[in-house]
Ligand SMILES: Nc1nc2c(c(=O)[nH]1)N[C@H]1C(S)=C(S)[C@@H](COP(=O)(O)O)O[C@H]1N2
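Here we start with a single chain on its own, the form predicted alone, put down as structure tokens.
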């Protein structure tokens, strides 16, 4: 089956299938510095592969001086590092676009922050000896399927300089426990600051190449495109975003919030792949006030923001928007691109203050 174009219609059966297989983080889980593993967002492209850890190997191949085939135990004997990292799906916000690109129908919940433990990728690559004409590394996962009529293993690449950064990990633990099958067991790549499609799960091979990788998930998927014919630009680092914990309590079906009048403490998180978040603004009916910022959970993780809101009776729209150190600000007008990537439009939360 080929790719479908954007639609103005209701959710399709295909989108509902994807939504049932994958899940976002409930926004109330923004209260946790570190997202519990079961609440962290999840996207699986094809099937969760069945892997026998005793026979699994990570192959380091291609343009290297000393090809490697490493067991998990051999990787675990090396000096490890643990990092709290905020990870977001590149398609987060896709379902809010009009027309709506047909794919996983995320609203704003495709995010989470976990503590990942593993070894720096560059340590393994230095042992293998990187060839002098290498320009990229290709990361191959064990998940296999068809997308856009192309049968392939899930593969992504990184430029050599990005892959050799000290925070890029070969991760085998999440939140102090071995990786769960759905999160990439026994080993996954972790690339802090980049959208989640970069952190290849069920990693089986790292291949150094001397020219740019043109596999499907790199050259066709995960592109900022104006239309189907536009080759577009590759998706990479996470765009700046703030989210709030919706205050009060919800109506079951609509999720509209019901809030008691008076002083309400509103909390949320903000993050960016382009440097620290330096400002978060809280909006009530498009009137903005600066929120207070707490220290980031880590150099590659979100930071909490808080604000005391004097909730007046009536109907209101609450919003939040973040600014990062590079000067990027969340948009208040609807952006659009053909694949629905990197949509960091501000969050809007309708609330009713006082009982109607």
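Residue numbers count along the first chain shown, from 1. Quick caveat, the model's predicted, so the values are computed rather than measured.
One more form of this protein should be noted, the form predicted in complex with this ligand, which is absent from this view; the next part is about it.
In the predicted complex, residue 197 approaches this ligand with a heavy atom inside 4.5 Å. Mapping the unseen interface onto this chain, residue 141 counts among the residues with a heavy atom inside 4.5 Å of this ligand in the predicted complex.
Although the partner is absent here, residue 89 is a contact residue: one of its heavy atoms lies within 4.5 angstroms of this ligand in the predicted complex. Contact annotation for residue 239: none of its heavy atoms lies within 4.5 Å of this ligand in the predicted complex. Only one of 225, 207, 82, 182 comes within 4.5 Å of this ligand in the predicted complex through a heavy atom, and that residue is 182.
Every member of the trio 43, 188 and 202 reaches this ligand in the predicted complex with some non-hydrogen atom inside 4.5 Å.
Contact with this ligand in the predicted complex, judged as any non-hydrogen atom within 4.5 angstroms, is confined among 282-290, 229-237, 160-168, 189-197 to 189-197.
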